[in-house]
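Before any questions on how it binds or moves, here is one chain, the form predicted alone, in structure tokens.
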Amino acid sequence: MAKEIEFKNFKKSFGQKAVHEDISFSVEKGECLGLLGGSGAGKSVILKSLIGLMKPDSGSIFLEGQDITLLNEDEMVEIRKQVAYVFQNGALFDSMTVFDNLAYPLREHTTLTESEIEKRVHDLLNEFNLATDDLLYPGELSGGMQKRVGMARSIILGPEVVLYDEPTAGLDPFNIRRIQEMILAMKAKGVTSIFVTHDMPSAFACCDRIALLRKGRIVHVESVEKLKQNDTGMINDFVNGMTA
């Protein structure tokens, strides 16, 4: 299969603190890769670097064969239309209704008419079981609903890649299942994704492979299928340490 995303010898420091010593891994087209690591391991740094919010000190990040670390800010705007970032807290505009939150990227980045925007927004709200919430403001939504609206807004431009930054954190079992279903629905459409999480049941439900980030390197990558069959190994040791 073709590589959609590839990190090569990615290094990043903040002052004297080296966060990533030498990160190398790839994600195949249509694959969901789970990214595990302890708090402060730099998982979000990897995601933010993929949309140009952070730049590596050295190394390369390839998206469909193009090294995006060489692009300027204007060129990165086009990349951000292809790569959606689902923030942990939803990152909604508090002053906008649910409808206008979803309509915003369409108004900014497309030439769709208002009637076409309205149809696309309502179609997606129906898909996310939010059809009756279009006129509510973020402050009127539960945490789970805010995350679902944030996810809907992230994918409304039809991205090829979705980056999930702990989308199930702090949610109840019902909303966790909802988020899992949405991730699987995107995966069924052929979308490539990286799923940063501490929620192992969700990682096992949604991911094809899982990568373990430790001490500034990807130290192990394994398929979920093999992890389910074998309860030993570096990744399972990490998981068991989290749940012990």
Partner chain sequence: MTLTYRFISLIGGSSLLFKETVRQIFRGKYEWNATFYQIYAVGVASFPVVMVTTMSIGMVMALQFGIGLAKFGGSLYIPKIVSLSVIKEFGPVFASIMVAARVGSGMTSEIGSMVVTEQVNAIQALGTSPIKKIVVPRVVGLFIALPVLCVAANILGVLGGFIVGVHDLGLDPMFYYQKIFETLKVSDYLSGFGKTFFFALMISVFACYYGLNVKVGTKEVGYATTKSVVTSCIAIMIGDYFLTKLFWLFEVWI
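Rigid core here is just the name for the largest C-alpha set that superposes within 1.5 Å across the two forms. Numbering follows the first chain given and starts at 1. Keep in mind it's a predicted model, so treat the numbers as computed, not measured.
Only in words, not in the display: the form predicted together with its partner chain, which the text now covers.
Shown alone, this chain has one stretch from 125-133, 167-175, 111-119, 80-88 that lies within 4.5 Å of its partner chain in the predicted bound form by heavy atoms: 80-88. Taking the partner from elsewhere, no residue among 8, 62 and 209 has a non-hydrogen atom within 4.5 angstroms of its partner chain in the predicted bound form.
When its partner chain is considered in the predicted bound form, residue 205 lies well away from it, no heavy atom lying within 4.5 Å. Under a 4.5 angstroms non-hydrogen atom cutoff, its partner chain in the predicted bound form lacks residue 163 among its neighbouring residues.
Mapping the unseen interface onto this chain, residue 198 falls outside it, with no heavy atom inside 4.5 Å of its partner chain in the predicted bound form. Taking the partner from elsewhere, residue 41 is found to have every heavy atom lying beyond 4.5 Å of its partner chain in the predicted bound form.
Annotation for 181-218: no interface residues with its partner chain in the predicted bound form [heavy atom within 4.5 Å]. After superposition on the rigid core, the Cα of residue 96 moves by 2 Å or more between the shown form and the other one. Taking 2 Å as the criterion, residue 139 counts as shifted between the shown form and the other one: its C-alpha moves by at least this amount when the rigid core is aligned.
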